[in-house]
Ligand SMILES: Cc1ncc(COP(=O)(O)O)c(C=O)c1O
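What follows is a single chain, given as structure tokens, in the form predicted alone.
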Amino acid sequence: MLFNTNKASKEKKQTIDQFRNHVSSGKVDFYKKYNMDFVMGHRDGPWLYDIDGKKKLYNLHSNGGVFNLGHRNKEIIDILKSNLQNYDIGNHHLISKERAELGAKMAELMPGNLDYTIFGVSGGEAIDLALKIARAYTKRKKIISVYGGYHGHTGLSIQTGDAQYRTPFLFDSPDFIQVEFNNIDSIQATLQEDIACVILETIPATLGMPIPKDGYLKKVKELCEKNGSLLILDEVQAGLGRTGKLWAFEHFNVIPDMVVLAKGLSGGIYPMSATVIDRKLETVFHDDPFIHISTSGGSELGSVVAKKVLEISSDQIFLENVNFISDLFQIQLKKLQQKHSGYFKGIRRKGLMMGLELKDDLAGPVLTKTAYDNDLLIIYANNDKSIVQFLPPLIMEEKDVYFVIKQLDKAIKQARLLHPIAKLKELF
């Protein structure tokens, strides 16, 4: 295939200028500063290609799980194409066959009484709804979340996060209380009779993937039940096979009152989120079933895509491969850890939801940059910059692991050399 490099370079420059002038000047300046002005062009499977054809990146971030099934997954595209003959977004006021089938599939795959699903477009929207339901059902207002957790940037979700996200927008509220993750005593001390719910990521991604201690989540649920509060588990990143089980909470012997899904439910093709609720909570909508709506949520095209995602992600062979690749990564990453022991300190892992523990808060940004220079897209955890998020696509093959390890080895070597210079010159 012939590639006109001059034309492609001009197209890239024009795109960057338009993005700077009409979308975000700050992002362009940031990427220019670190010589990372990559413009997404062709993409396929685990790979992203620069629009000018000069660089490609193996996607080890997967956009937080959006691309669990890789970029432009053929099965997802085929199901979308075939249904374009009959469907569009649909009308949220009316009963929908595709939405009904998706809801039934979700209930089939969820444990306990998690029988009802309200569909949306984004994770933040789905979190907002979960918090609304908790308040409406319990008739209480206060909400507990954890320091370093992240649940979105919308109206209620932003208030569950750290001050750096909410304070600039004047969203600080005494109704939202934060405690330490993995600290059951702090939950117990804070669970007063005015608490509507506790909301947690099963494995907090933006905090750097700390794994829940044995019995922690189960004990939180028990305390919530005793207090008349609800437990919401955010599986926007941890769900849909990411941890080697369909739902991450299956590892921890707990069934929450609500589960929130998004990102990967889209198949990387059609935005979709889901707030899955215990049957008892559906009574919130009995007096007025239109008290909450989402115009594009549960769109019929989105529903057929999401149903296919559930079918793929729940397949036992698919999940077995996730665990096989995860175990292989554990072996190879341990070798890298021994080789770079002063810099690469440890591995947090549940399936292919992994965090690489590094030397200090500067090491995460530095490795993000050197990995980019070695054709790997990884991103440090924003609420713990000593951790690099490691979220490979769930469709990886064995040969891909060895390629990634080879490039990561090079990246860590370069990071160790760059680290003192970056610290001295305050490059990050």
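The first residue of the sequence shown is number 1, and the count goes up from there. Every value quoted in this text rests on a predicted model; they were computed, and no experiment measured them.
Absent from the display: the form predicted in complex with the ligand. The rest refers to it.
Engineer: Look up in the model of the complex whether residue 150 has a non-hydrogen atom within 4.5 angstroms of the ligand, and give yes or no.
Structural biologist: Taking the distances in the model of the complex, the answer for residue 150 is yes, it comes within 4.5 Å of the ligand.
Engineer: Answer yes if any heavy atom of residue 236 is within 4.5 Å of a heavy atom of the ligand in the model of the complex; otherwise answer no.
Structural biologist: Yes - in the model of the complex, heavy atoms of residue 236 and the ligand come within 4.5 Å of each other.
Engineer: Quick check on residue 201: any heavy atom within 4.5 Å of the ligand in the model of the complex?
Structural biologist: Contact check for residue 201: yes, within 4.5 Å of the ligand in the model of the complex.
Engineer: Within a 4.5 Å heavy atom cut-off, is residue 263 in contact with the ligand in the model of the complex?
Structural biologist: Residue 263 belongs to the contact set for the ligand.
Engineer: Look at the stretches 186-194, 299-307, 150-158, 315-323 and give the one with heavy atoms within 4.5 Å of the ligand in the model of the complex.
Structural biologist: Only one stretch qualifies here: 150-158.
Engineer: Could you tell me which one of 138, 73, 117, 122 places a heavy atom within 4.5 Å of the ligand in the model of the complex?
Structural biologist: Checking each option against the ligand in the model of the complex, the one that comes within 4.5 Å is 122.
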